[in-house]
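One chain is shown next in structure tokens, namely the form predicted alone.
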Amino acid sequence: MENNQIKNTKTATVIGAGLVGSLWAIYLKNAGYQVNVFERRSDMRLNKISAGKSINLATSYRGWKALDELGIGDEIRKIAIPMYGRTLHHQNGDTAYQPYGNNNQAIYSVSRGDINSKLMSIAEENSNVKIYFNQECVAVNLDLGKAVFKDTTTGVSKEVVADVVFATDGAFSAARYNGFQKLDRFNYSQNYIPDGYREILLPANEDGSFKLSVETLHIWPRGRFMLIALPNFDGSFTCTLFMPFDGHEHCFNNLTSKEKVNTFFKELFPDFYELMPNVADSWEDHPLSSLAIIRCFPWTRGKVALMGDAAHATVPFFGQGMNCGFEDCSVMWSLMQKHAENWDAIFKEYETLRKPNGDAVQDLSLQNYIVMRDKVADPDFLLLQKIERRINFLYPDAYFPLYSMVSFTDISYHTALTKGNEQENKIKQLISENAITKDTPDAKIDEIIHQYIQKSSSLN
């Protein structure tokens, strides 16, 4: 009897206990799978190590949908801070606030390490999920669902076979490298953008209060580069400088001494420097890191599927990397119900549905970098955003700005990208044809919008 129970148990291997791997393990255990998760790093909950890249994350609608689908969204909300818009810090010290949407729509700042730790603990709440740490994936047999892991502390290797295997081990996935990248006709590209990033922690005031306004994402746009800051519960802000490595007047390779770092912040970010005059002392607390976009296909073969960054790693400028990975889980889960756990059918439809959206979220991320570092300070762009928000307010069921489609709905990324660019062109035309300026009265703008909508039925 016991042997039959073991034989009939559904088994799954998850390679990587990061955000997507931990979340997907929860889905799988809810479906009755015995899930073994193998993680190359040690347990961050014990050793207080970072969760890989340490940039704070912005959880938006797609992420919450997946978390709420499992009934764990409220647990994550306890460690998340809402950000209702972006606060711009200009070089002359002026600030401006731009709401993300209407009716207090918000994205949520959450520590990568905190949410990763929480998801791992939720996954391990019953015996269906076991996470093994210090396990490096060294081989994968896609057709047999077999993976080999080497214990990095002992050097001992073991072979694991499961009904299904999921590679959720990040942008530089060992499972993808050892399995998919050995296949004939596997398409793969790895492209680094010219810019890197360095993180800086802006500490709280001595009384624990915030040095900047909370519940907003702070941006210091400087044309070709930018500094951002996201709030943490302890009163600190996780700040990240995105800038070219070289080839520009202001680049990382020019900041070779504390004196140069001080001068750079004094001149380019004077209000930030006032808050953190010892910024040069903290300059090397976090490493200078690069940013890559990785595209590949197919995402499935035999008994193995790529999910999250292993399938579609992107740059962080739309805050959608985690959200897109969580949406992978939600889509895969819905396909499990649709196809009654016929994994051949699930995998085929999964990659067909998700590949165009993986590509689109990468395009959106690059596009939004230009918006954040440059356009947010451009009067023409600010006017366009004002008109967009007003149309959305007056016709909420007929019109969604690009940012809202991506952050506050589950409209596919591919559709959002296509429709958003079309809408932007239409609004530019509307502004031009009606000679709208920043001084045009709101009542007049409303009249123009009503006339246009009635004439064209919808901007969509």
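When you see a residue number, it is the position in the sequence shown, counting from 1. What you see is a predicted model; the values in this text were computed from it and never measured.
From this point on, the text means the form predicted in complex with a further copy of the same chain, which you will not see here.
Among 184, 207, 74, 249, which has any heavy atom within 4.5 Å of a further copy of the same chain in the model of the complex?
Checked against the cut-off, the match is 184.
Pick from 190, 337, 257, 213: which residue has any heavy atom within 4.5 angstroms of a further copy of the same chain in the model of the complex?
Contact with a further copy of the same chain in the model of the complex is made by 190 alone.
If we take heavy atoms and a 4.5 Å cut-off, which stretch out of 301-309, 340-348, 192-200, 370-378 is in contact with a further copy of the same chain in the model of the complex?
Correct option: 192-200.
Given that the partner is absent here, does residue 157 sit within 4.5 Å of a further copy of the same chain in the model of the complex, heavy atoms only?
Contact check for residue 157: no, nothing within 4.5 Å of a further copy of the same chain in the model of the complex.
Give a yes or no for residue 108: in the model of the complex, does one of its heavy atoms lie within 4.5 Å of a heavy atom belonging to a further copy of the same chain?
Taking the distances in the model of the complex, the answer for residue 108 is no, it never comes within 4.5 Å of a further copy of the same chain.
May I ask you to check whether residue 290 falls inside a 4.5 Å heavy atom distance of a further copy of the same chain in the model of the complex?
Yes, residue 290 sits close enough to a further copy of the same chain in the model of the complex that at least one of its heavy atoms falls within 4.5 Å.
Hey, in the model of the complex, is residue 177 touching a further copy of the same chain, heavy atoms inside 4.5 Å?
Taking the distances in the model of the complex, the answer for residue 177 is yes, it comes within 4.5 Å of a further copy of the same chain.
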